[in-house]
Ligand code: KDO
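Take a look at this one chain, the form predicted on its own, written out in C-alpha cells.
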C-alpha cells in the first residue's frame, strides 16, 4: 500500500464520526457554508529549538502548503515546547487540541508496544535504511497500528540523527561498564530509561529544556543526542567529551491528528502529505550533511571526541533487549525483515 493509500484508508475509518459535526458546521442561519472564508488552522507543536533542522523544516512545510494551497491554511508553528510539553502532543492531538507534531518512536511505543523495536539500540543501521524501512511495507504496517491505537496519522519519517553520548567531564569510555555511575539524561519514558541502562549508565529523566542547565550545574553528568542537536542546543558549551557510541539511528515522524486529516478534502489531504514529505526531505538532507561535518567542529571547540569498542556496545545493548519484555511484543519476524532491508 502506498502512503497516499494509507492516508485515504485512515480517512474512511474516521469519516462516520465526522459526518454529524461536519453537517452541523456547514450551515448558517442563511443556509450558506459557515466559515467559508476562514483558513484551516494547523497548530504545530515541537520541542525543537529554532536553529535545529527539525524546527526549520516546519517553515518548509508551511511555505510548501501555502504555495500549493494559497490562502487555505493557517499553519501556526510553536517551537521550544511552548505549546505542549515534549511527549504530551499525541494526547493533545487525540483530544482535538493540536493538529500537527513530530512524534518519536519512544512516545509511540507507550501506546503501541510493537513499535518499541525502533527504540532499541543498534537496530537500524543508517539513515538510508531508515527511509527504506518506513517508506516500504514495514512502515505501512507499523503506521497502521499507530493510526488504529493513537488516532494520529504519520505522514513522513524524519532522520533525527545518530545518537551519541555527550559527557560533562572526560572519561575513558571503551565498553558499557565504563559508563557505570554516569547520570545520563534521558527523556522520562521507560523506553528511554531502559536504553540508558543498556548503555551501562544511570539514566536520569529530565526535560529537554532543562538539559543545558543540568549539565552546567552538574545535576546530570551527560546526555545523549545526535550531533546536530548538541550544536543547536549549545550543549558543547557545558560539556567536554563526545563518545561516538552511535547507539541509535533515531527518527521522528511528522504526524497529523486523524480527525483533522479526515476533515480535509481529498485534494487538501494530498497537499498536506506533500508538504510533510517536502519538510522531511529538507530535514533529512541537511541533517545528514551537517552530521558529517560536526566532529571537526566539536574538536575545534575543545571537546575530546572518542570512539569506544562498538562491538562491545552492540553486543551488550542487544543482549539487554533480547532478554527483556520489549522483545516479547515485537511482531514475529520483524527484526529479520528490518535486517533484510537494504
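Numbering follows the first chain given and starts at 1. All values reported here derive from a predicted model rather than from experimental measurement.
Although not depicted, the form predicted together with the ligand is the subject of the following passage.
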Triple contact flag 52, 163 and 252 to the ligand in the model of the complex, non-hydrogen atom at 4.5 angstroms: yes
Contact label in the model of the complex: residue 247 to the ligand, heavy atom within 4.5 Å: no
Residue 229: touches the ligand in the model of the complex, heavy atom cutoff 4.5 angstroms: yes
Interface membership of residue 239, the ligand in the model of the complex, 4.5 Å heavy atom rule: no
Non-hydrogen atom contact residue 187 with the ligand in the model of the complex at 4.5 angstroms: yes
One residue of 131, 260, 204, 225 in contact with the ligand, assessed in the model of the complex (non-hydrogen atom, 4.5 angstroms): 225
Stretch in contact in the model of the complex with the ligand, which is absent here, among 43-51, 307-315, 294-302, 272-280 (heavy atoms within 4.5 Å): 43-51
Stretch 207-222: residues contacting the ligand in the model of the complex, 4.5 Å heavy atom cut-off: 208
